[in-house]
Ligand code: AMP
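One chain comes next, on its own, written out as structure tokens in the form predicted on its own.
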């Protein structure tokens, strides 16, 4: 059995194609379709995942890990009992639990999986997700972009040409994808978004609002009280969900702390209007990212015929009002549960790979420009953003010093929406090419090749055309600090031929 997995920031799901050829969500041990992406280390031998782990977040916050997806592809570690755990290891525990649910629910072994990733994930993050799947004991057949999965779930099969915008806002990420569809063939023409903007940010704003209001009423600051802080955070998430269907929601936490006169209780009412006001800048950022993505693809709002909404945070009235204002002329699809739409799409992709579902052709594109750093510290692009993949691109380089015997190839990614930090550059890793042809500067011919596979994972190789010396690397780097180290200073840089 091949399953589809939505590995989410807040919640994760696993789905499959049932006997009727339809995608179906697996029910977990608590009868729920959503499994919280939370891991609790009870002791050195026992680890809990899901709702049982989430229930420990208040009292055992120091042994509970959540929102790990936001750290995928980085060198971040969480330390439990003096041992460091990477995002890959934590994610593997979540995936292993999902596979267990699927195995018990279906009564058969799970052979492989399609795992979804945000379209705006960089190569480090994709590679980390792939490794997490392998560490969980899965054969990862494909990393599927989440917006593409959402489009699959809606079964868009119109014979006429349609221009589709997918807006996927989950717990920790916001993905924007533009695609053209006609007669079962869909081509992505542009992607955008942010890997650090999602429902969690709205939760945090609500939590801060509750804490500030409590301080103004009582003069007591709860920010240093970890247990109280976690209780407020849990209630903030609930209030956000409530305000999607009602105009106000109450927060009641008895005995949250002790005051000079005795125990204090937190009792507040939060209105939808107040929530929208404190999150105004987040909605402005979302709107700006959508407009930037449209502009990068060379289209305007009127170009969009269909809008597909995905991710639990897409239920927020402020989000839907903004989408209706921007794309009121388009058909806005909201009839599938936004929490489940990505997992259902992943199951459909798994079904297509297994030959159980009619094949639909999807052509995704790179979300970032990829290249290398030359000897002067400048970025040299090899694969522009919005390039369809799989793809292979090469460029000739040469040495910068006489008798240079090796070069260091520093692989970089440029964030064209400039949200990645200094100059929008992310380091994807470095590797050496040694034993190159000794000659005067500018004479050697060094071919650098970038190859992006079906999963959007980058492989880089370098070949000295004069000697046949070659080396290659699969990208596993870390976030670039922006401090450019001059490779030329050490005589190992290279420049465009």
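These figures come from a predicted structure and were not determined experimentally. Residue numbers count along the first chain shown, from 1.
The same protein has a further form, the form predicted together with ligand AMP, not shown here; the description that follows concerns it.
For this session: With ligand AMP left out of view, choose which of 415, 162, 285, 237 has a non-hydrogen atom within 4.5 angstroms of it in the predicted bound form.
Result: Looking at 415, 162, 285, 237 one by one, just 237 meets the 4.5 Å heavy-atom criterion.
Exercise. Of 241, 278, 220, 264, which residue is found within 4.5 angstroms of ligand AMP in the predicted bound form when only non-hydrogen atoms are counted?
Worked result: By the 4.5 Å criterion, the partner-contacting residue is 241.
Exercise. Using heavy atoms and a 4.5 Å limit, would one call residue 345 a contact residue for ligand AMP in the predicted bound form?
Worked result: Output for residue 345 is no: heavy atoms all beyond 4.5 Å of ligand AMP.
Exercise. Is residue 272 a contact residue for ligand AMP in the predicted bound form, using a 4.5 Å heavy atom cut-off?
Worked result: No - in the predicted bound form, heavy atoms of residue 272 and ligand AMP never come within 4.5 Å of each other.
For this session: Look up in the predicted bound form whether residue 315 has a non-hydrogen atom within 4.5 angstroms of ligand AMP, and give yes or no.
Result: Residue-level check for residue 315: yes, a contact with ligand AMP.
For this session: Using a 4.5 Å heavy atom cut-off, state whether residue 311 contacts ligand AMP in the predicted bound form.
Result: Because a heavy atom of residue 311 falls inside 4.5 Å of ligand AMP in the predicted bound form, the answer is yes.
Problem set entry | Segment assignment from 354 to 362, 197 to 205, 288 to 296, 223 to 231: heavy atom within 4.5 Å of ligand AMP in the predicted bound form | Stretch 197 to 205 is the one.
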